[in-house]
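A single chain, nothing else alongside it, follows as structure tokens in the form predicted alone.
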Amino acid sequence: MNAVELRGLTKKYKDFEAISGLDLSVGAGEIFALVGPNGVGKSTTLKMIATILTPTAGTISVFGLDTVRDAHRVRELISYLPEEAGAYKNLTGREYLRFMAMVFLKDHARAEAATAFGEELCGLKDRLKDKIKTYSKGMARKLLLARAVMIRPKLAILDEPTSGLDIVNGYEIRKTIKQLAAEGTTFIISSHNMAEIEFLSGRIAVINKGKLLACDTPAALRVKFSTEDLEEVFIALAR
């Protein structure tokens, strides 16, 4: 069974069609990337997979569950990190992780284990005692990323996962994503950082104006478009 199946996925806003008949599948344990220019439907697609938006037409299944009919059960399996996510600024980092762990897991022992894992993942150490309103953008992003994966979801949906992070911290996050994928978590990510996409992803789907233009491994895309890097593939398809 695939982790995610999109069939004929369509999303309309009045006369504007943001997504047009998208067909995609994501294998269990895969790191799958969704890329394209700004405003072409990437975030809309991620939000539909995360059960935040409802498709106008077509279907989405997550581990065999329909995201509309079985939305509650799907939410128990996934974690979603939007590009512009926020946190409760008057909580400390540790309080935030503990609170979110209890919201998702509702079991004290599991929540404490997830909180400890989140503290390790974010790498904020003593700053976890400080209120989030004192954090830099990069620190807040590391905390939010830890929140998204500390519960070890079956599917993690990450929109611009390393936005605001420096090179060292971005690299550490990417290594963590690869490690968790090797342990069984499926990832769908969207990013404008093509080096990040190439480092992480087994397969890449390129969309533009709501339509799928290509879907393959990074190496296969480079061969197909006779380019040396993914940025050139992206530019060729985005025109």
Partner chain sequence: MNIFLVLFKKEIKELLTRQLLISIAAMLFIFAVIGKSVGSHSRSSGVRNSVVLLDLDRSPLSKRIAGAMRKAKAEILPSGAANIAAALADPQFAGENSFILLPAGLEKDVAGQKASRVEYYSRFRRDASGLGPALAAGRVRKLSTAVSGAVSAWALERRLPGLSADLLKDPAPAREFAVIDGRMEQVPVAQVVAFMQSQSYFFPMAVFFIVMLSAQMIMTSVASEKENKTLETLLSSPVDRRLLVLSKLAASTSIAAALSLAYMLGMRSFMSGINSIAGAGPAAAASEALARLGLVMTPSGYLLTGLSVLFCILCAISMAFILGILAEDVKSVQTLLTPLMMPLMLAYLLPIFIDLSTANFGIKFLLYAIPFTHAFMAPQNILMGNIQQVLYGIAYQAAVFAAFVLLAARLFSGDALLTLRIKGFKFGGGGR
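Here the structure is a predicted model, which means the values were calculated and not measured. Residue numbers count along the first chain shown, from 1.
Absent from the display: the form predicted together with the partner chain. The rest refers to it.
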Among the candidate stretches 108 to 116, 128 to 136, 163 to 171, 86 to 94, which one is within 4.5 Å of the partner chain in the predicted bound form when only heavy atoms are counted? 86 to 94
Heavy atom distance at most 4.5 Å to the partner chain in the predicted bound form, all of V68, C122 and P153: no
Partner-free chain; cross-checking the partner chain in the predicted bound form, the single residue of S201, T44, N208, N193 with a heavy atom within 4.5 Å is T44
Sole residue of A28, L213, I52, A57 within 4.5 Å of the partner chain in the predicted bound form, by heavy atom: I52
Verify the contact flag for A18: yes if a non-hydrogen atom of it lies within 4.5 Å of a non-hydrogen atom of the partner chain in the predicted bound form, no if not. yes
In the predicted bound form, does L145 have a heavy atom within 4.5 Å of the partner chain? no
Against the partner chain in the predicted bound form, would R75 count as a contact residue? Criterion: heavy atoms within 4.5 Å. yes
Quick one: does L158 come within 4.5 Å of the partner chain in the predicted bound form, counting heavy atoms only? no
Does any residue in 1 to 32 get within 4.5 Å of the partner chain in the predicted bound form, counting heavy atoms only, and if so which ones? K11, Y13, K14, F16, A18
